[in-house]
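Consider the single chain below, provided in structure tokens and representing the form predicted alone.
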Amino acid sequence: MSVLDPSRLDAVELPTTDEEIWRYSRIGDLDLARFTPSTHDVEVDGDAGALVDASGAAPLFDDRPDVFATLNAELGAGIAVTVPPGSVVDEPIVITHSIPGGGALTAPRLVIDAGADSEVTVVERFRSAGGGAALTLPVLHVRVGQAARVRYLAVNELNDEVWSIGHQQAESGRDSDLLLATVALGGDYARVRTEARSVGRGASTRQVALYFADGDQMHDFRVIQSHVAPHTNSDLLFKGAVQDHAASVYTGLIEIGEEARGTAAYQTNRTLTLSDGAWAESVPNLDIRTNDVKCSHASTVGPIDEDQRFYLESRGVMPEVAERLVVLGFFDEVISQLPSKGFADELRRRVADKLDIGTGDAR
């Protein structure tokens, strides 16, 4: 695995919040000089067989939407998951990245190439290998062949000193079915930019995310649902919570091109603010360039529904328990759609743990 020349970082021009795609972000706080390019350990489990190539041969799409995706490409290594046409991988492939601390800069890369009429589930976990600050720049590229079924889940379990700035791109072929799922619990500043393109007639894409930020964490999601071909479908559901002095940002764009007639596209973002010092931004957008489409977007930011809390407390449930039950119920709609069902119980426990250690003044 090649490592980027540290002198290359001196020439990097970082984006600013003047750019709409970086609005509300904390990009102005990033100091690249604090970090040194490094390698990291990767473990692959599951029914992988000959499907996984961890030697570094993971060709990327040509598009480089920002300097961080470019830095990832320059590191020159990654993992490729290739599923032959007609193959069904019964067990999830689990890829775990152990991100070192101590000022390390890492760039995990995963390319999933699913052949026609194939099926695969991939879970990618990002964990800290130790304490201390770090910067990681993960990239995911997914090609979904005709009538293929791909399920992908990213899980952020990094420590609260790590910055993660990720980029995901997916291209879905004719009559394919793609699920992109994210669980974001860790990191100091954790950002994911996702571009899901439906390029084949009848392609269907779902995106779901669960995020929970506490302390001074910030979770930042930028999502583009792009429809190129006719009679395609996309559905997005992102649910999050912020407490203490944490923050979250969601900006979503549905793009429907001139040839994408008969398309249906939906996006929903809902965020709970559990403390007076927490804040969230939610900005849904539509760009529709043809007729005969169905589109909608919904966005809410606010505290727990007092009627739900009152209902539980009136039946003898303690206030702190009532809040935990409401939040867990709020997230269950996302948890039920995650591709790795065995992760659900662990996830509920992790969310409950965050509620127990919250230090802000609960509403």
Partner chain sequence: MSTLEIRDLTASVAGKQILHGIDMTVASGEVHAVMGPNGAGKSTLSAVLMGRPGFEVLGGTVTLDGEDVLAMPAWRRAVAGLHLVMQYPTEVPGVMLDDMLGEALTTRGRDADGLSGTLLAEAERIGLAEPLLHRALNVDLSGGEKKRNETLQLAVLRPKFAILDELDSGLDIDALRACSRRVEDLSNEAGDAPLGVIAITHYSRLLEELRPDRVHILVKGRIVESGGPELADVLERDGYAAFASPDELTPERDDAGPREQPGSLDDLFAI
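Numbering follows the first chain given and starts at 1. In this text the structure is predicted, and so the values were computed from the model without any measurement.
Omitted here: the form predicted in complex with the partner chain. The next part is about that form.
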query: Thinking of the partner chain in the model of the complex, which stretch from 61-69, 25-33, 295-303, 314-322 has heavy atoms inside 4.5 Å of it?
result: 314-322
- prompt: Are any of the heavy atoms in Asp332 no more than 4.5 Å from a heavy atom of the partner chain in the model of the complex?
  reply: yes
- prompt: Looking in the model of the complex, any heavy atom of Val326 within 4.5 Å of the partner chain?
  reply: yes
Contact of Asp307 with the partner chain in the model of the complex (heavy atom, 4.5 Å): yes
